[in-house]
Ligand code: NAI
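Okay, here we've got a single chain as structure tokens, the form predicted on its own, with questions on binding and movement later.
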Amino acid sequence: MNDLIIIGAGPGGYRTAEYAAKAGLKVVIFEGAEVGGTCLNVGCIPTKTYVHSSSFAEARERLATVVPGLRAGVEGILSHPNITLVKEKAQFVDAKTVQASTSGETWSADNIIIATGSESKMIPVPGIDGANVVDSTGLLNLDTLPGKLCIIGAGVIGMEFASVFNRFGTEVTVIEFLKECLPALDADIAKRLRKQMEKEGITFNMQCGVKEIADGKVFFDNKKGQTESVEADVILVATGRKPRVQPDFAKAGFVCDERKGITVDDDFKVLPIEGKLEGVYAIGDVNGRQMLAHAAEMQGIHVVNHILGKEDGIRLDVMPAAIFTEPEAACVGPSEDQLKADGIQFECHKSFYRANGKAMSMGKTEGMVKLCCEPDEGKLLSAHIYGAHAADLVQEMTAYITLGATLRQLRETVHIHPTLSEVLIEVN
């Protein structure tokens, strides 16, 4: 019997397999599609290739080499002598056994990790199955640049594609049900980002509910209750993702919801429908907790440590996230509004890119930093940043927050001059 079976070879699955194999565990990993999962093949990597391309044609050309190259790298990782890669979909026979969907071969292990990821969530409106309606995968597969693009949803996926296709020359309209874009981001920063994107020519229709898609148009009710429509060559539905659950999961005897995913405890052990269930875990998007590739990776490492009886200091409550628009936005920790709602005592400190020497020299003066900490420049609680290289700056703040550092300690850390990172210690 093997030590570990992993179902899914996305970022959570393949990184966990690598970590487990290096720790001496015998691992079998299943993947019914391409290794690398959604992130590498039709998600994070392709979209960032678009972000860093100057035209649609260049993006398509680069995509043809970037994705296969990285996929080959993942296959290299999975060639470790302790890893067996089965290029088939796995289905549960029972809580300790899975069956390969094509060959019918069965595999057993003391521990099983489910890492099947997520899939696009479509809204239930008439016309959603129209020929010109796509999800993010469909948009990435377009061979020609659309003249007009309507995006339903102003979350991370919608905002990134709006920024990219606007830069490529497409006329972009965004329809969003909520009052503001990017609800996980600080409201001040989300609004600044949206306003900047409006200056670039993107049209936003906020607080609007889509009613129907027909004849190449999206019909929606605006915030005044009046019906409007937007004509588009392509309509992107970017209303989030849902855990990818399989009907056979019930055979393993654990709690699973098609909308919320697999229910797990804090060690990512799945909760049984009844009785006791040992050695079955779920990581990444499929457990519905934090739908981020890096969250899946760290959850997987924690699971392996748990299997090995090894303690770790991984802070999964400190989870950075980034939006690769132009400019970027990124965050770690609760927003100012969330801290207020939770009744937490805090103080807020801000700074702006326009006062930073490096930002001025780069011609990237549009940006803002908001740091929240305990009173009297105490322990850092969160960082929400908008501007050039926001993701890199938030990564620095993630380290400080993880280690329980104070704002005073951040200020007392020497920062290279001139760098964008100086905006962190210039907060007032």
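What you see is a predicted model, and the numbers here were worked out from it, not measured in a lab. For every residue, the number given is its place in the sequence shown, counted from 1.
We do not show the form predicted together with the named molecule, though everything after this point is about it.
Heavy atoms within 4.5 Å of the named molecule in the predicted bound form map, among the stretches 349-357, 75-83, 174-182, 303-311, onto 174-182 alone. In summary, among the residues Lys48, Lys364, Lys379, Arg62, the only one with a non-hydrogen atom within 4.5 Å of the named molecule in the predicted bound form is Lys48. When you look in the predicted bound form, the only residue of Glu160, Glu297, Glu328, Asp186 with a non-hydrogen atom within 4.5 Å of the named molecule is Glu160. When contacts are judged by a 4.5 Å heavy atom cut-off, Leu142 does not count as touching the named molecule in the predicted bound form. Heavy atoms of Phe324 reach within 4.5 Å of the named molecule in the predicted bound form, making it an interface residue. Using a 4.5 angstroms threshold between heavy atoms, Val318 stays clear of the named molecule in the predicted bound form.
When contacts are judged by a 4.5 Å heavy atom cut-off, Ala154 counts as touching the named molecule in the predicted bound form. Residues Ala238, Thr239, Gly240, Arg241 are the ones in 235-253 with at least one heavy atom within 4.5 Å of the named molecule in the predicted bound form, listed in sequence order.
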